[in-house]
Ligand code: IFM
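Shown here is one chain on its own, the form predicted alone, set out as structure tokens.
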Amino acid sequence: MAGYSFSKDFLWGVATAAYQVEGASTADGRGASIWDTFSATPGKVREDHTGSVSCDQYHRYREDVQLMKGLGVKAYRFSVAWPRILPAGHGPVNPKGLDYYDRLTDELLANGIQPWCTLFHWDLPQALQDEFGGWADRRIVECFGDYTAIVAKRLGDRVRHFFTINEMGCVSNQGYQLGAHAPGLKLPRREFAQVNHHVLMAHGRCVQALRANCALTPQVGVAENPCVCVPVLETPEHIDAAQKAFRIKNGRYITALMEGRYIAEFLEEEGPDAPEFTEADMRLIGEPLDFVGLNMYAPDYIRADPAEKNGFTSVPLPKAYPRMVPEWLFVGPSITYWGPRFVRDLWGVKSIYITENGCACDDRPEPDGEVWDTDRVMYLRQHFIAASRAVQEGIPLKGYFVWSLMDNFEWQKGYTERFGLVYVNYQTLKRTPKLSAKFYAETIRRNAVV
């Protein structure tokens, strides 16, 4: 392959999440989610924004599929809203909710776009939070399995690729320990550890339910946002230290599910606050996967440090280190090389996808109506270059989903941060492709970095 190019079957896609784009929060029998409750609570979301309308993709999905077709993407990663399917979290099914995802799936396929379905992207039915505390109770595992089976039976004759849970750490840490996300709780450390354990178990139960209920043999994976450790210099000692750090720092999440166990370093660090678990729990958590999806945004630079117990130290970022609009989004393009490399080297994974990567920028339409987001183009170009390096070195990176197709509800930041390739006017809901959309379309057309 010449230049910054990709394998001929490389999968280019875009991603969204149900609560962030669908709107229609009370339409056609949809139940309330914890994000409906959280965002409606004054002070929880910036400027008290909610996802009740958002981009209204529920009613405008055909228009959005045409936007994707115009980009030339081959896949769309979307999530199913659990409360749209089961308003009470379990019990009676809402047929109109399933009908919507039928229509979306068929529209994508009719336009040559593969549907990649995420079962859970944070919008837990409020009814389950009220009934038994949501993810804090072990009953959530079977509820999630039952919900998955319903979706699998309906979509599994056309959808071939499924993600279980998006970003387990954000589900548990942000929602149940830090209180920054719905349901906004700040549980003691030991209770939080059990929440996280239930999320991991639900992931495993979801894998089982998909394989038992899809008409087509499904390809099942996870979309996880690991701490992406990057060697501070590409020398053997720093590379080895960064790989070791990747495994240990992600001991609570991706390491646990890839190895089917909590590693000794994690249990030692947690001490009396470690989760309670059984061997059967860990077998469930370690259900084999067909691929691994990585949501990657910012680096954690690692250097070898023999003085440290585990042989590595994080290198603090200097004050002038570049970042995008979000205060946490430091620019580190090499993550799209090192993340896939370490996942392959540590666990022998044969199919890896970048399932989220992108950035928020201060996007503003000019008088001519165009959005000249050269900063996002710069950001994506550098990440694509690093991804091309991974592909050309034989790392099994099979595809790349840019976050996001369009501006949307950015969780606790509301509509104040724009991650989209397409600009959304939230008053009129008009969609306008930005310069970055044109850049991405040309990259896809060439199958090489523009």
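All residue numbers refer to positions in the sequence shown, first residue = 1. Every value quoted in this text rests on a predicted model; they were computed, and no experiment measured them.
One more form of this protein, predicted in complex with the ligand, exists but is not displayed; see below.
Under a 4.5 angstroms non-hydrogen atom cutoff, the ligand in the model of the complex lacks H198 among its neighbouring residues.
At least one heavy atom of W122 is located within 4.5 Å of the ligand in the model of the complex.
In the model of the complex, none of the heavy atoms of Y262 sits within 4.5 Å of a heavy atom of the ligand. Under a 4.5 angstroms non-hydrogen atom cutoff, the ligand in the model of the complex has Q20 among its neighbouring residues. The chain is drawn here without the ligand; in the model of the complex, the stretch among 51-59, 410-418, 383-391, 31-39 whose residues come within 4.5 Å of it by any heavy atom is 410-418.
Contact with the ligand in the model of the complex, defined as a heavy atom within 4.5 Å, holds for exactly one of N166, S79, T336, Q129, namely N166. Y297 is the sole member of F266, Y301, F291, Y297 with a non-hydrogen atom lying within 4.5 angstroms of the ligand in the model of the complex.
Residue E356 is the sole member of 345-384 found to place a heavy atom within 4.5 Å of the ligand in the model of the complex.
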